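Starting off, we have a lone chain in the form predicted alone, written out as structure tokens.
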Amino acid sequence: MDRRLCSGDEAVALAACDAGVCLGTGYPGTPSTEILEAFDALGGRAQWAPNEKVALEVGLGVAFANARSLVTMKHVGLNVAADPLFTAAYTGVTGALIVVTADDPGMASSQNEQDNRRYAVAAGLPMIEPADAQEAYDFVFRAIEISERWSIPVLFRMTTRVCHAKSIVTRDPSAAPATQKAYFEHDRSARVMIPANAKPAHRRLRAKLAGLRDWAEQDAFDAGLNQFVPGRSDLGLVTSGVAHLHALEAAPDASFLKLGLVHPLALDRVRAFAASVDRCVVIEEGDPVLAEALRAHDVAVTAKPERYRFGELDVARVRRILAGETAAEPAPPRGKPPALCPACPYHPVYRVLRDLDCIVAGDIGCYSLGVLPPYETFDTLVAMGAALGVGLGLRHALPEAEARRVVSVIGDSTFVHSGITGLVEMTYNPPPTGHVVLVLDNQTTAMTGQQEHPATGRRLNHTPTTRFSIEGVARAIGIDQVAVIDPVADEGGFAALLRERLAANDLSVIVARRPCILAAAGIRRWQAQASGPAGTAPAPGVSV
């Protein structure tokens, strides 16, 4: 018997290996990042995509080839991938397509705490939610079975605690569905979503969901996705995900209906369960998604009070919910605020931005810590790539004196992810005062743990590949004023350059290039191991 200590992320990777997943692809984002890194370490074929939309499209292509694919992202990444996701529900798949959405209740490392169970309803896709690492392993197999049986993508919702908490996982490769050899078969009416094909495809999707609803009532229980645990008749708890474990500790003698298949719901079984107890409470982390769905179908359940939709649940909070407590909760102990590393190459950049009194349209990444003391330079932070569009909007609207102070600040990985189209917008609709885009290139995806991306010239496993040139793309788009500078080696030169560009009416891109201090040793090692120009990262320096 193979038993090992795994996080939920590692358990998903282990199951993907045991299930013969052909390709794992995604974009790094806490708390999902470690899935593909673990999949690669286990010998699976894993790769980082430029963004989540591309990752999902690649995974869809794999599934069209009758092979199995795993696509991973954090919850806000599904917003980026939503366009192909909704249509993939119509096209269906021939091989399994499992889309992991790692939600972050409590916003441990995110700009919002959206609940992606709502995507399952909106897109019309089944969603599975494990409670711990063992279920994360087992439920991947069930997700593959569902995906291949109903020819449909499956959403696999994890949350921060499930992703990162470790527990014993018993490995059982024999439980994995048998794989088939990849092949392609023409099916244009199913996969080419012109209106004439999309209309019947929508009807097929709804028929699949109806079949899944019937399956949820009994077979999902037989498969272990849904579970009934008898207990007290005066209290019944409907649970899902890690909230089940909190509820089990808070009220161990209650009756439980644990839902691993959270969409479509086993409505008849839940209705019967609710009728069998005096009081039925839904314990769920995040939005009251299950409670609202059950109430909409006249199932008599009690939802948690509004205050408990914010942040993560724990045993104490579940006890408060069951006790009906709505008073203010004890304040959590103050933690140490995050800060830029002492040797971070962003320090001179922020000193200059502060001293020049810039209006900074910022972006997602380590550099967002510039909003904190001692610099306090960030003025906006909305979404990946938003620095460019927001900065341009400010330039268009502000009086000239203020407009000239606006700078869009974005990281290298984020620029590749979703900054390029903003740069195209800048050349297509240039503000009268011009604009300055500052790309902070530390040659890694630093905030999520120093992952590679196309502009590093290395794949997920650090082997060399073609390097995307940020400055080359800027010039190709039509921006004449493009400079590359090391702000640590020449802080005065960087300050003079930025001051000059702010005063001009030109469009300009400044690439402030200096390796992340935490990634620098690894970058040097991988460069030494690489052979040929593909493995050579750009050296720090100035080129105008």
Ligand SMILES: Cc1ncc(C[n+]2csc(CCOP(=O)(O)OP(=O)(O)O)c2C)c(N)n1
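The model shown is predicted, which means the values in this text are computed figures rather than measured ones. The first residue of the shown sequence is 1; numbering continues from there.
This protein has a second form, the form predicted together with the named molecule, left out of what is shown; the following refers to that one.
Contact flag, residue 487 vs the named molecule in the predicted complex, heavy atom cut 4.5 Å: Heavy-atom contact with the named molecule at 4.5 Å: absent for residue 487.
Residue contact check: residue 27 to the named molecule in the predicted complex, 4.5 Å heavy atom: Contact with the named molecule, yes.
Touches the named molecule in the predicted complex: residue 412 (any heavy atom, 4.5 Å): Yes, residue 412 lies within 4.5 Å of the named molecule in the predicted complex.
Close approach of residue 139 to the named molecule in the predicted complex, 4.5 Å, heavy atom: No.
Heavy atom within 4.5 Å of the named molecule in the predicted complex - the one residue of 101, 444, 240, 408 that qualifies: Only one listed residue qualifies here, and that residue is 444.
358, 289, 270, 366 - the one with a heavy atom within 4.5 Å of the named molecule in the predicted complex: Spelling it out, the residue with a heavy atom inside the cut-off is 366.
Candidate stretches 436-444, 210-218, 320-328, 305-313, one within 4.5 Å of the named molecule in the predicted complex by heavy atom: It is 436-444 that comes within 4.5 Å of the partner.
Candidate site 90, 123 and 294: all three near the named molecule in the predicted complex by heavy atom within 4.5 Å: No residue of the spot touches the named molecule in the predicted complex.
Residues within stretch 50-75 having a non-hydrogen atom within 4.5 Å of the named molecule in the predicted complex: Going through 50-75 in order - heavy atoms within 4.5 Å of the named molecule in the predicted complex - the hits are 52, 74.
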